[in-house]
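Okay, so here's just one chain, in structure tokens, the form predicted alone.
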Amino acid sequence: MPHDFLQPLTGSFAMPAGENPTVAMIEAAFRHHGLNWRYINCEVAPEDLGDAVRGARAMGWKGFNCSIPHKVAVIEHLDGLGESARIIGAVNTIVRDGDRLIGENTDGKGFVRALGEITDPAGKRVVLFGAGGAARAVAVELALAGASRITVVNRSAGRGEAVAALINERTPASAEYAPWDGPFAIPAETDIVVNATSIGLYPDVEETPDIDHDTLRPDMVVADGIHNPPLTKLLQAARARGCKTADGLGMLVGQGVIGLKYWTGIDADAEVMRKALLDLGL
């Protein structure tokens, strides 16, 4: 077996390669670029995580991914963290650097990469819906990319205020919490609107975040982290009002491109990876 291969660690499930979007797009990139690598999905129980990481070290893996519930627990088994992973407090991508395993977080990085194809977040005012792990990662990466102000909109005040405080205390951007207790009116001065919740994810494709669509303006960019379906009800409403949009499929591809760069050093062909996802019916 070739020495250069990747093994992701997933916490609660294992799916055949043909049904797993991440496996499909990364394996497609390996084939396209002629890399004799493999990306294999497997299940690792929480109590076995330490042994799994030690096994990765022993076998010389170039890196691996961690999904829930390992994103925080894996940190104690690593040798260091990248800047944004340290701020976010969670890891989804581990990279071998010599004899060291370094934790990175590509959740927000993939979002910013996809968004960057439409607009530069530097100096922009952002309204961010959600305060979970994905929202936290997106908020940090937007702040590090130069966003000037981030309004965190969430139904739970405690979680929303915590994300806003993190941005204020650990990044150059400023942030505030706004309660989400009905249809939220987007302030007219907003540049970028982001849905970082799971609302609208398959199979609940008819659901959409409780936003007053009439407050969306043509000069706004609307981004939705949902990758299945790529064209969510929110993005449909935004396009109908003349907004530019960024879909979750682009963000998923962005995460893959960044991970492949960490592991292999190559700039993977994003279109090849996106096609692999579309071929799955996403």
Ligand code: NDP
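Residue positions are given as counts along the sequence shown, with the first one as 1. Nothing here was measured: the structure is a model prediction, and the numbers come from that model.
Separately, the form predicted in complex with the named molecule exists; it is not shown, and the next lines address it.
J.: Where, among 93 to 101, 124 to 132, 184 to 192, 73 to 81, do residues come within 4.5 Å of the named molecule in the predicted bound form by heavy atom distance?
T.: It is the stretch 124 to 132.
J.: Considering non-hydrogen atoms and a 4.5 Å limit, does the named molecule approach Ala139 in the predicted bound form?
T.: Close contact is absent here: in the predicted bound form, Ala139 is far from the named molecule, nothing within 4.5 Å, heavy atoms only.
J.: Could you tell me if Arg155 has a non-hydrogen atom within 4.5 Å of the named molecule in the predicted bound form?
T.: Answer yes; at least one heavy atom of Arg155 falls within 4.5 Å of the named molecule in the predicted bound form.
J.: Determine whether any heavy atom of Ala223 comes within 4.5 Å of a heavy atom of the named molecule in the predicted bound form, and answer yes or no.
T.: Ala223: no contact with the named molecule in the predicted bound form.
J.: Considering only heavy atoms, tell me if Arg159 and the named molecule come within 4.5 Å of each other in the predicted bound form.
T.: Because a heavy atom of Arg159 falls inside 4.5 Å of the named molecule in the predicted bound form, the answer is yes.
J.: Looking at Ile199, Ala178, Ala145, Ala164 here, can you tell me which has any non-hydrogen atom within 4.5 angstroms of the named molecule in the predicted bound form?
T.: By the 4.5 Å heavy-atom cutoff, the listed residue in contact is Ile199.
J.: Could you spot which one of Leu235, Val257, Cys66, Met251 gets a heavy atom to within 4.5 Å of the named molecule in the predicted bound form?
T.: Looking at Leu235, Val257, Cys66, Met251 one by one, just Met251 meets the 4.5 Å heavy-atom criterion.
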